[in-house]
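First comes one chain, alone, set out as C-alpha cells in the form predicted alone.
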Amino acid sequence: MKKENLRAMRDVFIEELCNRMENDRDIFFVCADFGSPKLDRLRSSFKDRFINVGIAEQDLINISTGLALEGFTVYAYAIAPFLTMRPYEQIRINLSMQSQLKEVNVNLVGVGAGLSYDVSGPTHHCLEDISIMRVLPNIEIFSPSDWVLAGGFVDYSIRVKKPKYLRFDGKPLPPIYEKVDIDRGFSELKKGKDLCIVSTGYMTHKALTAVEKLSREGIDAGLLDIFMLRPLDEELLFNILRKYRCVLTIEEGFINKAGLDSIVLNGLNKKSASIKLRNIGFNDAYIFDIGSRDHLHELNGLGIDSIVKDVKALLG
C-alpha cells in the first residue's frame, strides 16, 4: 500500500465534518482538550461552534447533552478510554436513558480504540469499550476498519438522531474500501468455503493478511468486516454465516466479555445454529508489556502465525 494512502480516521472524519459545518449551523464540536492536525481548521473556522471543556470528560458529556436537547447535532471528542470510562455515569443517564424519551444526537468520537496507543501502556489501551458501551441501551456503536468508512459516517451521524459511539483507531491506516453502504453495517470482503473470519476495526487489516497466508496454504477462508456493532441486522448476518461450518472472531479487545464474539455468538444461538465458533482476542488481564502493537499482538496470540494456527485448529 502506498504511503500516501495512509490516513488517520479522525482526520478524514473531521475534514468531512468541516465541510458539512460550512452549510449546517446546527452542528457543534465539543472537545476534551484533545487535538488533531485537521482540528485546527474547524477551531478557527467555527469559533462559535467549537468548545474546549478542558480535561473534564464528565463536563464534555453534560455540555454536549445540553446542546443536543436544544436541537443541535453534537460531536464530543476525546481519547477513547477516557471518553467511555471517565464519564460513564453521565453517558448512562444523559444519553442512554434520556434518548429513550427524547431526541438526543450526541456523537461520542473516541480516538485510540484497541491498542492504538500501544507504547502508552494499559491506562491508554482501550480493550473494554465495546463491552461497556454495548450494555447501555439506545447507543449505536460504529467500529470502522479504515478512513473511508470513517469519512462516510459523517452523513449518517447527522441523519440518525441517536447517541452514537465512534471508536476510531489512533494510527494512520491504509484504505480497505472505495465506498461502502454504512446502513448495511458490515461487508463480506471475501467469500470462502472452509470457514469465515469475522473481525472489526483494526483487526480487519490483520485478518486480510491472515486470509492471504491461509490461501497460500490451501485454506479458503472468507472474511466479514462488521463496522456497525449496533444496530446490526442479525438476519442478514446469519444468511452469510450459515454457509460456513466454522466461524472465527478476531477482535482487539477482551474476549468472552460481550464484545464482537458475543455479538456473533448471540446471533448464531438465536438461530440454534450448529456452526463451530472460536474467538481470538485478549484474555482476562491487562497488558503491561512495552512495545509496538505488532509486538503486543505476538505476545498475546494475535500475530498472523497465531491466527493461522487457530484457524487450522478450528478446522481440525
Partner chain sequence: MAMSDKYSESKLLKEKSEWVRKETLKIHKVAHETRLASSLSAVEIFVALYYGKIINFNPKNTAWEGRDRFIISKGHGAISFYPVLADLGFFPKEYLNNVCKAGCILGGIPDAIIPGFETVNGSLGHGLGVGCGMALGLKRKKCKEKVFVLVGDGELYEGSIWEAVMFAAEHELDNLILIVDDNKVCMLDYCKNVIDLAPLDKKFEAFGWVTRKVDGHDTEELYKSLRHFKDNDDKRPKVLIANTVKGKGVARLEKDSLSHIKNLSADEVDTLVSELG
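It should be emphasised that the depicted structure is a prediction, and the values quoted were computed from it without experimental measurement. Numbering follows the first chain given and starts at 1.
One more form of this protein, predicted together with its partner chain, exists but is not displayed; see below.
Contact annotation: residue 66 falls within 4.5 Å of its partner chain in the predicted complex, judged by heavy atom distances. Within this chain, residue 48 lines the site of its partner chain in the predicted complex, having a heavy atom no more than 4.5 Å away.
Under a 4.5 angstroms non-hydrogen atom cutoff, its partner chain in the predicted complex has residue 59 among its neighbouring residues. Taking the partner from the other structure, its partner chain in the predicted complex has no heavy atom within 4.5 Å of any heavy atom of residue 120.
Site annotation in the predicted complex: the residue of 219, 246, 189, 93 reaching within 4.5 Å of its partner chain with a heavy atom is 93. Residue 98 is the only one of 131, 138, 215, 98 with a heavy atom lying within 4.5 Å of its partner chain in the predicted complex. From the list 106-114, 221-229, 82-90, 123-131, the contact stretch for its partner chain in the predicted complex under a 4.5 Å heavy atom rule is 82-90. With respect to its partner chain in the predicted complex, the three residues 53, 70 and 102 uniformly fall within 4.5 angstroms at the level of their nearest heavy atom.
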